[in-house]
Ligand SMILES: Nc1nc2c(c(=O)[nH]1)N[C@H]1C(S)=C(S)[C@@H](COP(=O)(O)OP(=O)(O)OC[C@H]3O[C@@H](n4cnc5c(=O)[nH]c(N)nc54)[C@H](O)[C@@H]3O)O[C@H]1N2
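Below you'll find only one chain, the form predicted alone, shown as C-alpha cells.
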Amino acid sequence: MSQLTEVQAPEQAASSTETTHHRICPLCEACCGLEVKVRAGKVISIRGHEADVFSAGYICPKGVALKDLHEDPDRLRTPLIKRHGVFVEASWDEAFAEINRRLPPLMAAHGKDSVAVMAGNPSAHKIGLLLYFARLAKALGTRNVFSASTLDQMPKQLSSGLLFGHWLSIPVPDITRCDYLLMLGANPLASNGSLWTVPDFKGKAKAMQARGGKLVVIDPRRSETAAIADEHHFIRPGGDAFLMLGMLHTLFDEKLIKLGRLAEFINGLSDVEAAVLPFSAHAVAARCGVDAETVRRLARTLAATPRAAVYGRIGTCTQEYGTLASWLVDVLNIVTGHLDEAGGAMFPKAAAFAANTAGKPGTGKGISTGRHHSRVNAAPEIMGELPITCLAEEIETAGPGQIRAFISIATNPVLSSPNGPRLARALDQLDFMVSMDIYLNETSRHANIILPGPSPLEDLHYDVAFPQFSWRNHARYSAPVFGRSGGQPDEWETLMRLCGIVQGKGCDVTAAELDDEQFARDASRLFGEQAPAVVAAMGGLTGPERMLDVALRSGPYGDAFGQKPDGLNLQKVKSASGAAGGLDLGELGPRIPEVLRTASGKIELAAPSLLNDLHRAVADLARTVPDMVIIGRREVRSNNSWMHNLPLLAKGPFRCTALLNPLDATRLGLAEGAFAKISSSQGRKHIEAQIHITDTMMPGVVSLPHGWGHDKPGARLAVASERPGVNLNDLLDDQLRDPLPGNAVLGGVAVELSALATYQDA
C-alpha cells in the first residue's frame, strides 16, 4: 500500500474533512433546526438539531430532502432566455440587458398598471425575497400586485386586521399550557402548523393529553391529526362558520359569556349577540352536518375549561365563508375568556419585523381595504393586493390598464390557483414575462426570462414572518453552508437590479448602490435626524442583514442602538445561533392592550362588513346540500406544487389519489384502484383520478391533494413528471371567491363522479 493512500495529501485531507453546519429548515412553516454534515463539498447527512431552542431536534422528511433540492439536476443554476420559443442559457448581464431592453418601453407605452407582479409561498421562507418584494412592487407603482395569500390565508389576515388592527396580529394556541384544543380545518401533523409555527405538534399534543387535556378535531376527513385526537367530528365542507355560529348562539343563549379582564377592551359584543340570533344549534345542524347536541356540548366544554383554545386553518379559509369562519375562531376565544390568557390563544412577540410591536402601543390606524379595485371584476384591494383569480381576466381583457407584462417571484399559479388552464393560455398572451424561480415549471415555462435563485444551503436564513405565529418566542440565524459559483447573485440583489431597471436607471447600476440609496431614504423616514447615526452603526452590513440588524435593534428585545446594552442586535443573534441553537425569548405572554392597533384601542368585535356578510349566511341556512363535494388535503411529504421533484419525497406510494367513503364508492360503482371521472357540477371541466376507498372520508366528500398535475409540455421536472398526478384546481371556478377578501374557494365545491377504468399502473 502506497504512502499516498495511507496518508492523504494535505489538499485531499482538507477536502475529506467533515464539517457540521446548523440551519433553519426553509421548506415549511415549522422552521425546524437542522444539523447538516458536509464532506468534500457534499451533504452526507441531515438530522434534527437537538440543541435548537425552538424545535429541539424535531425534523420531518422535508428537512432531510434539502440535500435532494441542493443537488437536483433540474434546479436552475443560470438564467434562461427564450429565443425563438426555446430556452437557452445566458449570463446574468445578458438577462438583465434583455429585461432592460423590453420592460421599460412597455411601461412607457402602456402605463405602470400594464405590469403585474406576484410573490409565491416560498418567498415567505427567504428573507431576501420577502423584504425586497415590497421594494420591487413600490418601484413598479402598479396596482396589479398579487400573492399566494389570496389562495390560502387572506381571510384570516382580514379578520385579524378588523379585530385587532393589523393583518398579522394572529393569536395562536398556547399548546404547552392548553387543556382543551378545538381544531377546525387544520392538520398540523402533516403541515407542522399553518399561521401557527409549531414543530413536533404530535409530541406537544401527546403531552397535552398526558396531563389530562383533550384534542378535538372537526374535519371532513379523519386526517392524521384527527387520528390522534380524543374526538373527531365530520363536518360538511364549508360548514365551519355555521358550526361556530351555533356554538356562539349557545354561549349567548345559556349565559356562558365571560370576558374577564378583556371586558374593558371590547367593542360590539351586543351587536354580535343580535347578529347571531338566527343561528341556533338546531338551525345550523343540517347545514354543517353536526348534530345540535354536539354543537351545544362543544360550546359548553369550551366555556367550562379554564385553559382552552379554538384554532382554524386552511380548511376554514379556502371556502366561501372563509372570513366569517376566521373571525368566529377569534370571537369564540374572546367570549369564553381564552384570548390572551395562558393556555388559550395568545399573540407571539417577534424579535424583528412585527408591526404590532412598533409605534405607540395599544392604538393605531387600523386597516383600510378597497383603496382600489381590479379593472375587470371590481374586486377590492386587500392588504395592497388583488385576488390572484383576477390575473387571467386582467391579461385577457383589452383596454386601458390591461396587464401586458408579468413578474413572477417563486410562484406556480398555473397549478396552485383555480382554472389553471385558463391562466396558462392568458400567460401566453403576454408581451413579456420574467420569472424568478429555481425550476422551469408549469408557470415559468411561459416566461421570456427565468432568473434562478441560489440553493437554500447557499443562502443566509432568518425567518421574518414565522416568529409572528410561533408557539414560543425565539430568534435564530443561519449562515450559508456552501459558497456559490457562476456569479449567482443573492435574490435581494436580483430584485434590486429589477428595481433599477423599472426606475429608469438601466441595467448597469449595481444592487449595492441601489440598496445604499434606498436604505438611506428608509433611515431618514424612520429615524429622522438620528438617521446618520443609524447608517453609521450598520458598519459594513448590506442587504437583508442590514435591515435585520435595524429591525432587531429597534424591536421589543433590541439594544436600541446601544441604549440598552443587554438588548439584541444581529451579532448577538448570530453568536447564539449555530451549535448553540439560537435565543429562547420565552413562552407567550399577555399582550392586550399593547398589541392592539385599532383606532379605538379596543378589539372591534363587530366590524360592519362581517355582520353584513352574516345576511348571506342566513339566506344559506336552508341550501340543499350537493350529493358530492370536493376538498383538498395536505401531505407531510409535499408543500404545494414544488417538492414533487425531490426523490426522497417522491418515492413510496402514489399520493395523488382521490379519497372516497365506502358508501359513496358502492353508490357510484367505484372499486378500489379504479379511475374515476371527476366533473365540475356544470360538467364543463373534468379530471381523471385514481380512487382510494377509505372510511376516513365523510360520505358525500371526495379529497384530492393540492399542487399536482406535472404533465405540462415544456416543464423540466424529471422526477415529478414520472408520476404527474392530476390538478384539483383544473376543476375549480376562478370566479368563485369569498366576497370580502376575494380569496379563492378551493373546497366544498360540488362535483360529480363516474367510473372510467380499472387501475393498472400509477
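This one's a predicted model, so the numbers in the text were calculated from it and none came from an experiment. Residue numbers here begin at 1 and follow the sequence given.
Although it is not shown, the form predicted in complex with the ligand is what the next lines describe.
Using a 4.5 Å cut-off to the ligand in the predicted complex, each of Ser194, Arg221 and Tyr439 places a heavy atom inside that distance. Taking a 4.5 Å heavy atom cutoff to the ligand in the predicted complex, the contact residue among Gly128, Gly161, Pro171, Gly185 is Gly185. Among Pro387, Gly238, Pro544, Pro467, the residue placing a heavy atom within 4.5 Å of the ligand in the predicted complex is Gly238. Interface membership of Ala531, defined by any non-hydrogen atom within 4.5 Å of the ligand in the predicted complex, is ruled out. The closest heavy atom approach of Gly315 to the ligand in the predicted complex falls within 4.5 Å. Of the heavy atoms in Gly165, none are within 4.5 Å of the ligand in the predicted complex.
Interface residue remark: Cys28 is counted as part of the site for the ligand in the predicted complex, having a heavy atom within 4.5 Å. Proximity to the ligand in the predicted complex, taken as heavy atoms within 4.5 Å, picks out 637 to 645 from the listed stretches 131 to 139, 351 to 359, 637 to 645, 98 to 106.
Residues of 406 to 421 lying near the ligand in the predicted complex, listed in sequence order, are Ala410, Thr411, Asn412, Pro413, Ser416, the criterion being any heavy atom within 4.5 Å.
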